[in-house]
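Given as structure tokens, the chain that follows is alone and in the form predicted on its own.
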């Protein structure tokens, strides 16, 4: 059985319905995980997306901020969500389908100043990473078939950013964030599904700032969006795709869809 899993920070699901329709038609994901949906559940355009060929869904959102959702061609055996840092801010949702547990995670961006003493947003980000790491380490056995996707808001490798040297003090690529993301990845020996196909020596991005007038020409990107699988699933990895062209779809969003395909 083939399983194609996509992660996409859509930055308002209601604004991106046309883009979602286009992406689903062109790429036909089996599981579509969305972040930053920015809509409470009662106003989520669930029926519209289900009609695009993904009839099973679970959503967890709030007004104007954050929000996560999972759509699937296959029914869910179970679904759940968790909160960390004492905040009910809709940053996690998980489902089980065909015996595989899929976690959709939206890590806090962390603001602009990489100092938790003066920037509460960065402090929240670091605490969030620590708490999620502790949870996965305590609750999930390594031999469980699991997929973790999402906008993790960290570009961990040197070639996950356009300039390693210039971004070392920029939130999303600072050493403390990279170290904490590494601890999270180590909890279950998560395999980076996209870097499984793309060598670490090659540049790879999934996000380009709105501030760049010509994002493609400047190509100052970062790889903030990830798909990880537990070791038991890693041998089934078959393909990957970063939908770079979607950065130009209107209305534009700064993230593009990232997809991994597995043979289960």
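Residue numbers count along the first chain shown, from 1. If you're wondering where the values come from, they're calculated on a predicted model, not measured in any experiment.
Absent from the display: the form predicted together with the DNA. The rest refers to it.
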**Request:** Counting only non-hydrogen atoms, choose the one of 24-32, 192-200, 62-70, 45-53 that falls within 4.5 Å of the DNA in the predicted complex.
**Result:** 62-70
**Message:** Would you classify residue 106 as touching the DNA in the predicted complex, given a 4.5 Å non-hydrogen atom cut-off?
**Reply:** yes
**Item:** Contact label in the predicted complex: residue 217 to the DNA, heavy atom within 4.5 Å
**Value:** no
**Asked** Closest heavy atom of residue 125 to the DNA in the predicted complex, within 4.5 Å or not?
**Response** no
**Asked** Though only this chain appears here, would residue 235 touch the DNA in the predicted complex if you measure heavy atom gaps against 4.5 Å?
**Response** no
**Asked** With the partner left out here, if you bring back the DNA in the predicted complex, are 14, 38 and 211 all within 4.5 Å of it by some heavy atom?
**Response** yes
**Asked** So which bits of 229-264 sit within 4.5 Å of the DNA in the predicted complex, heavy atoms only?
**Response** 251, 252
